[in-house]
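Heads up, the chain below is alone and in the form predicted on its own; it's given as C-alpha coordinates.
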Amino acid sequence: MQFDSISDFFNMGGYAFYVWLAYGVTFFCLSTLIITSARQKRKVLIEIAKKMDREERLKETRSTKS
(Lines give C-alpha, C1' and ligand atoms only; values in the text may rest on other atoms or scores of the structure.)
Protein backbone atom coordinates (compact mmCIF):
# COMPACT_ATOMS: atom_id res chain seq x y z
CA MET A 1 0.00 0.00 0.00
CA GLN A 2 1.47 3.30 -1.04
CA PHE A 3 0.69 6.60 0.65
CA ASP A 4 0.78 10.06 -0.95
CA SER A 5 1.84 11.90 2.20
CA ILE A 6 2.97 11.27 5.73
CA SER A 7 -0.46 12.28 7.04
CA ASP A 8 -2.05 9.62 4.81
CA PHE A 9 0.38 7.13 6.29
CA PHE A 10 -0.59 8.04 9.86
CA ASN A 11 -4.28 8.10 8.90
CA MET A 12 -4.01 4.55 7.47
CA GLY A 13 -6.93 5.02 5.12
CA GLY A 14 -9.35 5.81 7.92
CA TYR A 15 -8.32 2.86 10.08
CA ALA A 16 -5.63 4.67 12.03
CA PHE A 17 -7.20 4.12 15.45
CA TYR A 18 -7.37 0.35 15.02
CA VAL A 19 -3.99 0.01 13.33
CA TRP A 20 -2.05 2.12 15.82
CA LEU A 21 -3.95 0.63 18.73
CA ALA A 22 -2.92 -2.83 17.55
CA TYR A 23 0.71 -1.72 17.28
CA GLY A 24 0.53 -0.12 20.72
CA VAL A 25 -1.00 -3.15 22.40
CA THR A 26 1.50 -5.46 20.72
CA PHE A 27 4.45 -3.28 21.73
CA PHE A 28 3.15 -3.04 25.30
CA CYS A 29 2.64 -6.79 25.60
CA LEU A 30 6.05 -7.64 24.16
CA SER A 31 7.76 -5.05 26.36
CA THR A 32 5.99 -6.39 29.44
CA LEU A 33 6.96 -9.94 28.53
CA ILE A 34 10.61 -9.01 28.04
CA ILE A 35 10.83 -7.03 31.28
CA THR A 36 9.04 -9.71 33.30
CA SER A 37 11.24 -12.45 31.85
CA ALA A 38 14.42 -10.50 32.60
CA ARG A 39 13.34 -9.93 36.21
CA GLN A 40 12.40 -13.56 36.66
CA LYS A 41 15.73 -14.69 35.20
CA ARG A 42 17.60 -12.41 37.58
CA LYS A 43 15.66 -13.82 40.56
CA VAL A 44 16.35 -17.41 39.50
CA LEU A 45 20.06 -16.74 39.05
CA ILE A 46 20.25 -15.09 42.47
CA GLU A 47 18.49 -18.07 44.06
CA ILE A 48 20.86 -20.49 42.33
CA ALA A 49 23.87 -18.50 43.55
CA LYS A 50 22.51 -18.51 47.10
CA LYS A 51 21.96 -22.28 47.00
CA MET A 52 25.46 -22.86 45.65
CA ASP A 53 26.96 -20.70 48.41
CA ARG A 54 24.89 -22.54 51.02
CA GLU A 55 26.04 -25.92 49.71
CA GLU A 56 29.66 -24.76 49.69
CA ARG A 57 29.40 -23.59 53.30
CA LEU A 58 27.84 -26.90 54.30
CA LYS A 59 30.67 -28.82 52.64
CA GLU A 60 33.24 -26.66 54.43
CA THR A 61 31.61 -27.15 57.83
CA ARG A 62 31.31 -30.90 57.27
CA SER A 63 34.95 -31.21 56.23
CA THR A 64 36.18 -29.22 59.25
CA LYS A 65 34.12 -31.33 61.70
CA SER A 66 35.56 -34.61 60.37
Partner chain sequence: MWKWLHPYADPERAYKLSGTLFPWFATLACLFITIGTVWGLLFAPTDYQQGDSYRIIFIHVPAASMSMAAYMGMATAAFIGLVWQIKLADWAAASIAPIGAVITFIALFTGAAWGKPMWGTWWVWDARLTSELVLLFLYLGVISLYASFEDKVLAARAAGILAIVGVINIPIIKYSVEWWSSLHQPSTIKITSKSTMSSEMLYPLLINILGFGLMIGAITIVRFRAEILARNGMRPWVRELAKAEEVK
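Numbering follows the first chain given and starts at 1. For the two forms, the rigid core is made up of the largest set of C-alpha atoms that agree within 1.5 Å on superposition. For clarity, every value in this text was computed on a predicted model and none was experimentally measured.
The form predicted in complex with the partner chain is left out here; the points below concern that form.
**Q** Indicate whether the partner chain has at least one heavy atom within 4.5 Å of a heavy atom of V19 in the model of the complex.
**A** Within the cut-off, so yes.
**Q** At the 4.5 Å heavy atom threshold, is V44 in contact with the partner chain in the model of the complex?
**A** Answer yes; at least one heavy atom of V44 falls within 4.5 Å of the partner chain in the model of the complex.
**Q** So in the model of the complex, does any heavy atom of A49 sit within 4.5 Å of the partner chain?
**A** Taking the distances in the model of the complex, the answer for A49 is yes, it comes within 4.5 Å of the partner chain.
**Q** Can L58 be called a contact residue for the partner chain in the model of the complex at 4.5 Å between heavy atoms?
**A** Contact check for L58: no, nothing within 4.5 Å of the partner chain in the model of the complex.
**Q** May I ask you to list the residues of 9-27 that have any heavy atom within 4.5 angstroms of the partner chain in the model of the complex, in sequence order?
**A** Contacting residues: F9, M12, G13, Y15, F17, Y18, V19, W20, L21, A22, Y23, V25, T26.
**Q** So that I can tell if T26 moves, could you say whether its C-alpha shifts by at least 2 Å between this form and the one not shown after the core superposition?
**A** No: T26 shifts by under 2 Å between this form and the one not shown.
**Q** Given a superposition on the rigid core, I'd like a yes or no on whether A16 shifts its C-alpha by 2 Å or more between this form and the one not shown.
**A** No, the C-alpha position differs by under 2 Å between this form and the one not shown.
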